[in-house]
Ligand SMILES: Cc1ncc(COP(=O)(O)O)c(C=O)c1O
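For reference, the chain that follows is the form predicted alone, supplied as structure tokens.
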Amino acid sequence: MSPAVERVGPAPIEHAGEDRSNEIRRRLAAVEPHCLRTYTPTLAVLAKSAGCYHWTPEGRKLADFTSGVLVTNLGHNPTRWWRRVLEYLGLDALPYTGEFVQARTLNAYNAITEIETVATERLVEHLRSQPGGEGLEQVLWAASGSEAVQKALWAALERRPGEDIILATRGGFHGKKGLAGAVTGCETDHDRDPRVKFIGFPKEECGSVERRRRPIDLAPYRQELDALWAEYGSRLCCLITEPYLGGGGSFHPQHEYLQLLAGWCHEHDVLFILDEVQANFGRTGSAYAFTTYGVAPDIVVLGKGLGNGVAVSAAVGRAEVFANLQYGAGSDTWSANPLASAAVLATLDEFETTDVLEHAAELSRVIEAGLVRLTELPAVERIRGEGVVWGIECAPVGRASAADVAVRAVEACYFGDAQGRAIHLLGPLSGKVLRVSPPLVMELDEAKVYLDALYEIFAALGKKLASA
């Protein structure tokens, strides 16, 4: 028997009444480093998921207000979606057979499958049918959002010799790897790639639902761009931004801001890259955020909801932009594999043949009404968002800082209100913001029930902290 491994790092999270979950957390902590996960104080152990809910090994039901980090826009394990995936793979049922393994585990590394071709054609057709997507011609597949961002930036840098300066909006999140990490955050986070220059993002002007609905003064942002052009001129190759700052605290800018960026890029022949890995497939109200915001990207980066739980992403852009990347420059092991291609096709089918976007619009109104109520409570400073992605900015209460309140709120939601209605949330964004982003298909009455529970939980937490 091998000797026991001495534990290092933080102690495993444990909760009273969760014997089975606590055992699983302890076992995993012994063989997996804690850095694999983003900190969430509950560290929920999930035994199964279906629709808009999770269940713990102890049988507790949690309403999913995360969509698996904005991934399962169509809900967890949707039956019709999975049937379509299996049909596209040529299967009637699981488990996979040896024949399937032999015939279906190809990827785009050095071979082609017909299902990849169909998925690519369908995605391009769908994008080009949307306002703002008319110029999108080719798909550069990847397996994660940061990889797709990386490939988009590689393509931009190879477009013309000498164009080596990348502009990025301050406070964004595009990934942790390579250039995707270099364009994330701001100048002071860590040593930067000298090719990356950051520009302002109107966080103050869109800090709440009310502020976002006011006009925005675009002059300072235009002046900043013009100053960069005066300094670097034709060395500028691209500008990358997000429709909204997700990881940066759920800041959703006025549409005019993104329209300014896109228009300026087109005026100066600088590529406009829109990273809507979090926002695609219905999060902001339209199938793609570029339609919501009224812009036409040269490259749009897709992911998360694109595969509804299957790992797939893509940079989609003009053919002439990608043409400068030579064989192998955009390849990787898992891109465009048959399972990912089938997942994309099944997702497109759902968005093209059902009323998911219409339902999401109704759900958005329900969520906004439920969250606005929270601002009556001392533990909530403000809310902001759009479509089916919102942020709750917590406020300090008593001796507890806003960040402490946010952590306590995640824990309180996990155990639920007096009626046992529990909610799964992610750890705080930017220290004190909680994201609310359930699947687009959550039933309206169920959403109201859990938004009421959220109100009760925040009210009780505020009273408890105020008297501490």
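Counting begins at 1, following the sequence as shown. All figures in this text were calculated on a predicted structure; none of them were measured in a lab.
Heads up, the form predicted together with the named molecule isn't pictured, but that's what we're talking about next.
Engineer: Please tell me which of Thr72, Asn337, Thr284, Ser146 lies within 4.5 Å of the named molecule in the model of the complex, judged by heavy atoms.
Structural biologist: Contact check passes for Ser146.
Engineer: To verify the annotation, which of these, Asn308, Ser250, Gln278, Thr169, has a non-hydrogen atom within 4.5 Å of the named molecule in the model of the complex?
Structural biologist: The residue from Asn308, Ser250, Gln278, Thr169 that makes the contact is Gln278.
Engineer: Out of 338 to 346, 113 to 121, 223 to 231, 270 to 278, where are the residues with a heavy atom within 4.5 Å of the named molecule in the model of the complex?
Structural biologist: It is 270 to 278 that comes within 4.5 Å of the partner.
Engineer: Using a 4.5 angstroms cut-off on non-hydrogen atoms, would Lys151 count as touching the named molecule in the model of the complex?
Structural biologist: No.
Engineer: Residue-level question: is Asp298 within 4.5 Å of the named molecule in the model of the complex, judged on heavy atoms?
Structural biologist: Asp298: no contact with the named molecule in the model of the complex.
Engineer: Just to confirm, Glu242 within 4.5 Å of the named molecule in the model of the complex by heavy atoms?
Structural biologist: Heavy-atom contact with the named molecule at 4.5 Å: present for Glu242.
Engineer: Any chance Trp81 has a heavy atom within 4.5 Å of the named molecule in the model of the complex?
Structural biologist: Judged by the heavy-atom cut-off of 4.5 Å, Trp81 is well away from the named molecule in the model of the complex.
Engineer: Within 4.5 Å of the named molecule in the model of the complex, which residues of 160 to 174 have a heavy atom? Give them in sequence order, or say none.
Structural biologist: Read in sequence order, the residues that approach the named molecule (within 4.5 Å, in the model of the complex) are Phe173, His174.
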